[in-house]
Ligand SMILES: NC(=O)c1ccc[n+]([C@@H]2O[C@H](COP(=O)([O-])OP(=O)(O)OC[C@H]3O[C@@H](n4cnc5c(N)ncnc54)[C@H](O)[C@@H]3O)[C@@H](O)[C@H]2O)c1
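What follows is one chain in structure tokens, specifically the form predicted alone.
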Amino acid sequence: MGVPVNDRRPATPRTAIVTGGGGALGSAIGHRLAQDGVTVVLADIDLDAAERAAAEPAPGSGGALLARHVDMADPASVRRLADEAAAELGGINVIVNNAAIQRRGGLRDARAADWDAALAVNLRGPALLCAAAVPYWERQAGGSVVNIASRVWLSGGPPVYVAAKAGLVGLTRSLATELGPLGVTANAVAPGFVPTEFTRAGRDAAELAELAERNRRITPLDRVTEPADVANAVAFLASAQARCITGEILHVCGGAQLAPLPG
């Protein structure tokens, strides 16, 4: 059976931008995409971290890894990233919105500045990056967006972080409907707890181990999600194999998105 005539995405994505690319999760995603032959820009506010991630050996990699700076809270920086990446690489096939900041604490602890910072990086930045890519997707007649959400959009939790991630789910669905006519798919991956520096921040080793154990206990698969699990899901959604999937939220959390059975 031939490829449908209205399937306008390249069979193999050629270029990708992964924000938050200097962290463990962004680095894992970038290296996994590179294995599929994608040239990946690892973009991060910490350029040194992005450069270290890009320099890590990647066995079996068929694509190059580049490091670039971006401040997702700065609209001008976001636009510059898109334009410079497109000019350097000849276009943008995939955007992975992975950059995020965490704001813990309850409603009464959250300051206006906490809300502004989290929404700027976790929600507004991804929207602006996708908007900046639209002219290139129009020219290429296709592309894909994978937003890194979180299981907490279902479960609740620290309101600043949860609201931003729930907003990212809503943005994903809006992008799917608006960008679909351009041949662009938009999906989200919603991980559970992943042991990275992001989740370690502000916790000692004992607290982190206890948090990991609590999360393991609520998963039907009895396991903790690893960066590679998330990276594999992103690679699938960014590939031509997912050409007819859009507007979906793929939970990669061992089944923790399901309400635990009473027992």
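From a predicted model like this one, the values you see are computed outputs, not experimental measurements. Residue indices: 1-based, along the sequence shown.
We do not show the form predicted in complex with the ligand, though everything after this point is about it.
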Practice prompt. Among 175-183, 87-95, 128-136, 144-152, mark the stretch whose residues have heavy atoms within 4.5 Å of the ligand in the predicted complex.
Written response: 144-152
Item to complete: Could you confirm whether G23 comes within 4.5 Å of the ligand in the predicted complex, counting heavy atoms only?
Response: yes
Worksheet item: So in the predicted complex, does any heavy atom of V121 sit within 4.5 Å of the ligand?
Response: yes
Practice prompt. Using a 4.5 Å heavy atom cut-off, state whether M72 contacts the ligand in the predicted complex.
Written response: yes
Practice prompt. Find out whether any non-hydrogen atom of D204 is located within 4.5 angstroms of the ligand in the predicted complex, and reply yes or no.
Written response: no
Response to the item:
Answer key, the ligand contact in the predicted complex at 4.5 Å (heavy atoms) among I45, L66, I218, A34: the residue is I45
Worksheet item: Of A54, V194, A231, L237, which residue is found within 4.5 angstroms of the ligand in the predicted complex when only non-hydrogen atoms are counted?
Response: V194
Discussion item. If you apply a 4.5 angstroms heavy atom cut-off, which residues in 92-108 are near the ligand in the predicted complex?
Written reply: N98, A99, A100, I101
